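Form predicted on its own, single chain, as structure tokens, below.
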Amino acid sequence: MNTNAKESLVMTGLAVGFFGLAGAFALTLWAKPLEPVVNPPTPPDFTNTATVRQSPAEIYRTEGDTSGFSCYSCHDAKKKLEIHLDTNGEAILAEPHKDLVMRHGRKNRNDYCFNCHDAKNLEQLRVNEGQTFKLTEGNRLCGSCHGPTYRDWERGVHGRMQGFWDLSRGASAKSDCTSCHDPHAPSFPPIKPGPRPHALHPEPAAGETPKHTP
């Protein structure tokens, strides 16, 4: 057999070998790929961007029902309102306010109504220094005690922002403090964590050897 014939035979053998390997890989003769994992959709509770509450400012801004803020529809403006305390020093709520949960501050020490509400004008808010705010200015009242958190909120670090971080692209809006926190019981209850990221491959069962695709 001359040299040319040998080279031709070798090249033919290599070509056949490579085509065979390509076919074997295409048909996955040595291993079968894992079935693709179908990721279930994320529960809508974790993708909903709505706040848990509506602040007075938002209700007024959206022309919602503001009748609950008309204190003098029930209280007599000419009669001084007195807060009665029980034996534990906690405010005794009148029947129309029985649905309120009073739990503000460590050991509920901020549960006295007139710590935040103006005794002279129930439709206003008041800080210890005597300055008063409208109900729609509740953020300023919160900031009078929670200064560091309020500064974080102003910078967009705390709370929820809607819109654009880059203001050159559009406007942004911050949710009010009471859009997330109940002013009478501001601490959040335990929150169920969101689902973890889906694994690329299913996890092996206990005692099972992990399987790898080639």
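In this text, residue numbers run from 1 along the sequence as written. The structure displayed is predicted, hence computed values, not measured ones.
This next part talks about the form predicted together with heme C, which is not shown.
- Mapping the unseen interface onto this chain, residue 82 counts among the residues with a heavy atom inside 4.5 Å of heme C in the predicted bound form.
- Heme C is not shown here, and in the predicted bound form it never comes within 4.5 Å of any heavy atom of residue 172.
- Proximity of residue 149 to heme C in the predicted bound form falls within the 4.5 Å heavy atom cutoff.
- Using a 4.5 Å cutoff between non-hydrogen atoms, residue 186 counts as a contact of heme C in the predicted bound form.
- Contacts of stretch 161 to 186 with heme C in the predicted bound form, defined by any heavy atom lying within 4.5 Å, are made by 175, 176, 177, 178, 180, 181, 183, 184, 186, listed in sequence order.
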